[in-house]
Structures are given as structure tokens and as C-alpha cells.
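First comes one chain, alone, set out as C-alpha cells in the form predicted on its own.
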């Protein structure tokens, strides 16, 4: 069975036909998945949302510590306050459902108190494990929701406002936002975002970035041929000027040159992480 069309959609390049591959509809769905920012007015059934959350929390967890929590934001005032933090993303306030996925290093400490075994879970290992647990639950929820015909849009930028998010949602010490998630039935088809080729992201036996320039340049050209970023969307032209060819790598290099989330380490230390 061939996945040529799906592979071309995701990577912009051909893959060799292989009739020996099994026909797995879920793999086709994941290869063709899209991010959605426009939603129909149709509400998400509560029973379905609960099922999806249960499925999401079935994800793998480091040492079975289960250090993730999800805040379902139902209160209109709270949702509006969150949306006001990122006014250029109106879908935060408009989506039928908005969830905030959190790393939760607090619960293990609380369980220790209940059982008389005091532990301190605020070091780097505790933060890292909780962040990974939350990311696994988030991604499992997204894939499950898409299987049910829903669309999602992760909102990682809320970490730029972690203190305000924590105050709005009443987060305890050592509970931190990883990402928000807009959820609803899509109002538009959306598009498949092209990904880097496996020759850049998959390494055999040892890490090798000996020839990334050629592969990334070819990727830039393939991606631009599908969707070319207009001149007005070039980042920070006052700092970097305008590029005659503005591909993905130029866009991301400019974005990384102006790092986000610089206040997040301060927030983490304030809520009990030493990160030692």
C-alpha cells in the first residue's frame, strides 16, 4: 500500500512506492493532520470531551508519576482574561473549548505528604519530567481529537505570560502552563504544514549535521512553492532588512534571534523550582 500522496503533502517530496506497507488509515490521518484556528459554532459534546481527556491521560508517563494536569477553562471572564494576554490570537477566546495543559510537579509532593514521605520535586529532573508528561498528554489529546473530527490549535505563547496565567487559573506552586489548546469542529479545511525531510531530522548511529545547508535550502524552496510568505510578513525588517527570498529557515532564524519566554525561568523559580 502506498502513502505517496500523504508523504508528498507532509514533506513536499516523493517517496518510493512500497506495496508491502499495510494500509493504516490512522497513519494517513496523522500525515495529513492540520492545525485549525477557525471553528464552527457547534459545541463539543461533553461526553466526547471527557472520553478524549481520558484517552489523553492514557499517554506514557515517566515512572508512572503522572505529572500532568489539564485546566478546562469554562468561566467566560477567565477565558476573556486569557485571550486578552494574546490579542493577536482571537481563536483563544472564540474556540468552543479552551484547555490549558500543565506540568504538575506539585501532586507528587502532595501525595508524599499524605503518605508521610516528604519529597522535594522542584529540581531540574522534577520540572523536566512534568513538562514531558504534559507534552505527551497534549499531543495524545490532539491526535485523539482529530480522530473524532475535531480541530485543535496549540497555544505555547501563554508561557510568555506564565505568571498571569497562573493567577487566572489558580495554579499551585510547582504547577506551570505548558500550552493552551483551542478545540472545536473546524470551520475551514486548513492546510498541511510541510515538515523538514527525514535526512535532516533522523540520524543513524550518531548525530550528524554535516550537510544540513543543502537539504534545508531545498526544503525552503519546496515549502515556498506551496505557500510563499508575503513581504509584509517578514519578521523585524527594521533589524534584519527585507530578504529577496524569505524561506522557512530565514523566518525561524529571525524568530530565534529574538527569543521568547525570557521571563519563564523567573516564574518557575517563584513557584518553587530551583532547577538544580
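Positions refer to the first chain, counted from 1. Just so we're clear, the structure is a prediction, and the values are computed from it rather than from any experiment.
The following text describes the form predicted in complex with a further copy of the same chain, which does not appear among the structures shown.
Residue contact check for residue 96: none of its heavy atoms lie within 4.5 Å of a further copy of the same chain in the predicted complex. The closest non-hydrogen atom of residue 31 lies within 4.5 Å of a further copy of the same chain in the predicted complex.
a further copy of the same chain in the predicted complex comes within 4.5 Å of no heavy atom belonging to residue 232. When contacts are judged by a 4.5 Å heavy atom cut-off, residue 92 does not count as touching a further copy of the same chain in the predicted complex. Heavy atoms closer than or equal to 4.5 Å to a further copy of the same chain in the predicted complex belong, across 172-203, to the residues 172, 175, 176, 177, 178, 193, 194, 195, 196, 198, 199, 200, 201, 202, 203, ordered by sequence position.
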